[in-house]
Each structure stands twice: as structure tokens, then as C-alpha cells.
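Okay, so here's just one chain, in C-alpha cells, the form predicted alone.
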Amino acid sequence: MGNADLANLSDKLMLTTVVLYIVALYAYAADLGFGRRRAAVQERSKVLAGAGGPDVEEAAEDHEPSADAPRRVDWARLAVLVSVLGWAAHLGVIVTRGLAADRWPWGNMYEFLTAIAFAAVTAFVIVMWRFGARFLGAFVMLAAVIALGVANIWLYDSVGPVTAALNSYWIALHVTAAIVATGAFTVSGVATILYLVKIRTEARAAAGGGALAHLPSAQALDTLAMRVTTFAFPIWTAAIIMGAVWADEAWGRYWGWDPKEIWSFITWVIYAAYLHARATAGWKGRKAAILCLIAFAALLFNFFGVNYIFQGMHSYA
């Protein structure tokens, strides 16, 4: 298969990925609204908060419908199945794009955003498997669909060579670390937003109805956001360090106050302040969540704003 055929296959797999993610989005939303039982959710909240154990599966089994009950669509199984199929197609997009270009497939904004969306879905699948956080599915899939839509409508670039500065093995290290961290930070950001919405409904004593009633407790969401951020932060730190080493190799200096360097460091400082405040000052709840969202906003600005507003050594948009 030639490079042109691989590039065409990548584009077709992209369409397949978006369609599957949209189906998964609706299935997760249906599961969140109709398929989840309150008792099982409460048990899972305990697990996410660090107080759980093997009782989660038992609690879910205790609330299964009887054999005589009318059979319903298993939205949860459908959502997980379709999202895994979408993840596989998404992986195919990246692999075939890289083979077609004969390089690491994140040399432009289209490829970078595609990879970030893949990292976010991958982080969600891991969190869902590790913590039973299926409730994040609709929101992460929505973010992935929006990201891929933006990538295809506004940022699409044909397969081709990269600039000389990017033709380095460091792109496999520095950029990959940045992609993985950004994907994980996205999941953390989604959990934080849900936390703020959840505490608002709990404060109004309105958690008894609607889809939000099927979310875990606010404490569980807060804990999950912190855990994912704790995982992503060292990877973001490594990305900045490797970027400095690459800058010295490519441009003869470790730090040059480039806009991308500045905003990457600002993002690092805010996330460090968030983790430090939680670890030493005992910050929890709304204050910590707002700080986490400020860090996530800085991360998004570092990706979109810096690339399109400022001119610098990293302006490959």
C-alpha cells in the first residue's frame, strides 16, 4: 500500500472514528440518564473516594432487575463497546497517518489535536477500567468529537514533510509527553467541571432527580480529578524538561522566553500550586477545583492561543 493509499485510509478511519464516538456519546448519555442504579453509584463513589472494595460488584448485583422484568437496552455495554471500537479506529488514524508521512504523526496542528483527542479517550478508558468512572464517558466523548471536528474542519493538513526544526527524534519524546499529559489533564478538567456542577445541585438539595443524580458524590469527583492530575503532572514536567534540551540542541539555548515556553511554564506553575495546596494546605472543594480549572484554561490557551495569537519559535500552525 502506497503513501497516498495510507493517507486516504487515515482520512476514512477519521470519519469512522467520529461516527463511533458520536454513537458512544449518545449511549453514555442514555446510560447516565436511564441505565444507572442509585445504590451502585453510591458504592462506586466510595471506591473513588478511597473507601471502596469488592462490594461494588455485589451492590450492583443486588440491584439488578428480576428475570420477570421487561428487558431493556444495555446502554452501558453498548457505550463501552462502541467507544473501544472508536478508540481502535482512532489509533488506526494515527498509525496510517504516520506511515503515510514516514514520520511521527504530530508535526502540525491537525495531527497534534487528533493525538490529544486520542490521549484523552485513552485516559478515560483507563480511568473507567481502574475506577469504574463510566459516568465520564458522555463528557469525554463530547470533548473528543468537538476536538476532531475542529481538527477536520479548520485545521486539516495534507500529509507531508515537517519543517527542519521538527525533523528530530525529540518529537517522539517531548511532543508525545505533552500529548499524554494534555489528554489526562482533559479528563481531570471534565471531572472538575462535573464536581462544581454536582456541589451546586447538592447545595440546592436538587440531587434527587435528573441525570446528575446518577453521578458519584462531589467528594468522589474531587478525588478523581486530583488523582488524574497527580498522574499527568510529572509527565508535563518531563515534557518541559525535554523541550528545553531539544531547544538547546536545535536553537543553541535551553530557554529563550518564547511564548510557548512561557505558557507551558505558567501552566506547570498553576498545576503545581494546585497539587501543593491540596497536599500541604489541605485545600479541597471549590477553591481547589477553581484553581484546577484555571490551570486547564492555561493549558488550552497554550495550545490554541499561543499558536494563533503570538509569533515565536514554536509557531507551526
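One-based numbering along the sequence shown. The structure presented is a predicted model; accordingly, all values stated were derived computationally and were not measured.
Omitted from view is the form predicted in complex with a small molecule, to which the following refers.
Position in contact with the small molecule when the complex is considered in the model of the complex, options A273, I266, A30, A250, heavy atoms within 4.5 Å: Checking each option against the small molecule in the model of the complex, the one that comes within 4.5 Å is A250.
Would you kindly say which of G86, G243, G189, P105 lies with a heavy atom within 4.5 Å of the small molecule in the model of the complex? Of G86, G243, G189, P105, the residue with a heavy atom within 4.5 Å of the small molecule in the model of the complex is G243.
Option from 153-161, 140-148, 106-114, 190-198 whose residues, in the model of the complex, bring a heavy atom within 4.5 Å of the small molecule: Every other range fails; the passing one is 106-114.
I'd like to know whether F296 contacts the small molecule in the model of the complex, with contact meaning heavy atoms within 4.5 angstroms. Taking the distances in the model of the complex, the answer for F296 is no, it never comes within 4.5 Å of the small molecule.
Could you confirm whether A220 comes within 4.5 Å of the small molecule in the model of the complex, counting heavy atoms only? No - in the model of the complex, heavy atoms of A220 and the small molecule never come within 4.5 Å of each other.
Should V121 be counted as a contact of the small molecule in the model of the complex, where contact means heavy atoms within 4.5 Å? Although the small molecule is absent here, V121 would stay clear of it in the model of the complex, with no heavy atoms inside 4.5 Å.
Hey, in the model of the complex, does V80 get a heavy atom within 4.5 angstroms of the small molecule? Because no heavy atom of V80 falls inside 4.5 Å of the small molecule in the model of the complex, the answer is no.
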